[in-house]
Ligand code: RNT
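Starting off, we have a lone chain in the form predicted alone, written out as C-alpha cells.
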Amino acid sequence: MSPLSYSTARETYAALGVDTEAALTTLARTPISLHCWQGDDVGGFERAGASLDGGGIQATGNYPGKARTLDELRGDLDVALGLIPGKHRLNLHAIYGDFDGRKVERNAIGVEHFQSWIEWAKTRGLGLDFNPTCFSHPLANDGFTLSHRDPAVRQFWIEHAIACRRIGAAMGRALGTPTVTNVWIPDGHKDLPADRQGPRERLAAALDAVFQESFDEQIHRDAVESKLFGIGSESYVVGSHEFYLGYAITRRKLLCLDMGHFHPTESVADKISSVLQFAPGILLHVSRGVRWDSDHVVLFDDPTRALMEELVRGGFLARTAIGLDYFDASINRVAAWVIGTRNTLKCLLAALLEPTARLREAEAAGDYTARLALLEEAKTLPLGAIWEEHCRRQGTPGDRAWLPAIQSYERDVLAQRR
C-alpha cells in the first residue's frame, strides 16, 4: 500500500475526528499473547508422543507438519511472529517445559524446566504468560482436579498450581514484564449432580491455598477462567462464570473471559463493562466457538470486533491482557497463528479507528438515527490502508504478501516431518 493511500485514508478518518496516528501508536503498543499449543495440538513435551487424554479438550484435524520437539515448535513460532506486525508475547502451558526426556511430576516442576524458554523470549524481546496443566494426567482422568473429593488428589493439583505461579513470577522477573498465570480446570459432571455446592466449596478453599503466596504485580498477575460446559462436563462445571466472577472480585484477581466458554447466544463483549465495574482487570482468550467450545481460528468478524470496541470505548485496554486460545489441526498450524493474530489486531485497529466521539455525541443528544447511520457507514471506511501502513511500519508483509512465506516454509520444513 503506497504512502499516498495512507495519506488519503488518514484524511478520511480525520474528517470524522479520528487520529490514525494515535490509533497506530496504540496498536503497536498492544501485545497479543500467542498460545504455544496451536503448534502441536496441545500435546506438550512431558513424554514422547503425548496426546490429549481427558479434561474435555479435543484438537480436531490431522494436517501434516505439527511440531514434535521444542526446537520445531520454536522454529514454527519464529516464522509466525515474523509475519505478525508488532511485538507480542507467548503463552505457555506447564506441559511445554524443557524436561530433557526425564519424567518430572507436575507438582515438582520448577523454573529450571522453563529457563530455555525464558532465554528464547529474552533474545526476541517477548513477554511470557503461563498456565497450570490440569488435564491429560492420570489424576485428572475422573474429571476432577482442584475440586476433587480426595484430599490427596486435590493437594497434588494445589502443589502443581503453586509451582506454576512461582514459575510465572520467575518469568516476569527475568523478562521485566508481568507474567499472567491463568488457572483453568476441567472439573465437572457429564450428567446431573446431586451436590453442586460441595465441589465449589472445595475449589474455593483450594484456590485460596494456591494463591496464599503473594507476588509483586509488576512481575506476576493471577487470572481465573470459567466455562459453561465441556466434553464430559455437559451438565455441571464447578468453575462456572458466576463462581469465578465472585472469586475474582473478592480476591482481586483477573477474570478470564474466553469467547468459546459461554452459550453461543451470549455476548462476551457485553460482559466487559460489567465485570470491570468490580474486578481489577480481565484476561481475554480470543477464540471462535462455532457450535461448542471448538476453538476455531479467530476471524475478522462481528463478535471479535465487538470485543475490541468495548475495550476501546470504555478505556479498558490498560486493564486487559489479550491472548489467543484455539487449536486447529485441520489447516497449516503456523498459518493458523498468523491468521488468528492478524485478525485480532485488525479488530482492535477497527475499534481504535471508530469515530467514538461523534457516536457518543449523537447518543447523548438522543439522535439514535444518526448514531445508527454513522455506525454502519464506519464499516466501509478505508481500514485496509491503515492496516497496510501498520504492517509497513512494523516491517511485516501486508495482507497479500505473507502467505507465500508460509507456503514456502510448509514445502521446505513442515512437509519433511513424518
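Numbering starts at 1 and runs along the sequence shown. Here the structure is a predicted model, which is why all the values come from computation and not from measurement.
The same protein has a further form, the form predicted in complex with the ligand, not shown here; the description that follows concerns it.
- Shown here without its partner, the chain carries W37, H93 and H285, all of which come within 4.5 Å of the ligand in the model of the complex through at least one heavy atom.
- For the options D222, D325, D187, D76, the one in contact with the ligand in the model of the complex, meaning a heavy atom within 4.5 Å, is D325.
- Checking F156, F135, Y247, F215 against the ligand in the model of the complex, a heavy atom within 4.5 Å turns up for just one residue: F135.
- The stretch in contact with the ligand in the model of the complex, judged by heavy atoms within 4.5 Å, is 256-264, chosen from 171-179, 308-316, 112-120, 256-264.
- For the chain shown alone, L353 is not a contact residue for the ligand in the model of the complex, no non-hydrogen atom being within 4.5 angstroms.
- In the model of the complex, at least one heavy atom of I57 sits within 4.5 Å of the ligand.
- None of the heavy atoms of H148 is located within 4.5 Å of the ligand in the model of the complex.
- Taking non-hydrogen atoms only, K227 approaches the ligand to within 4.5 angstroms in the model of the complex.
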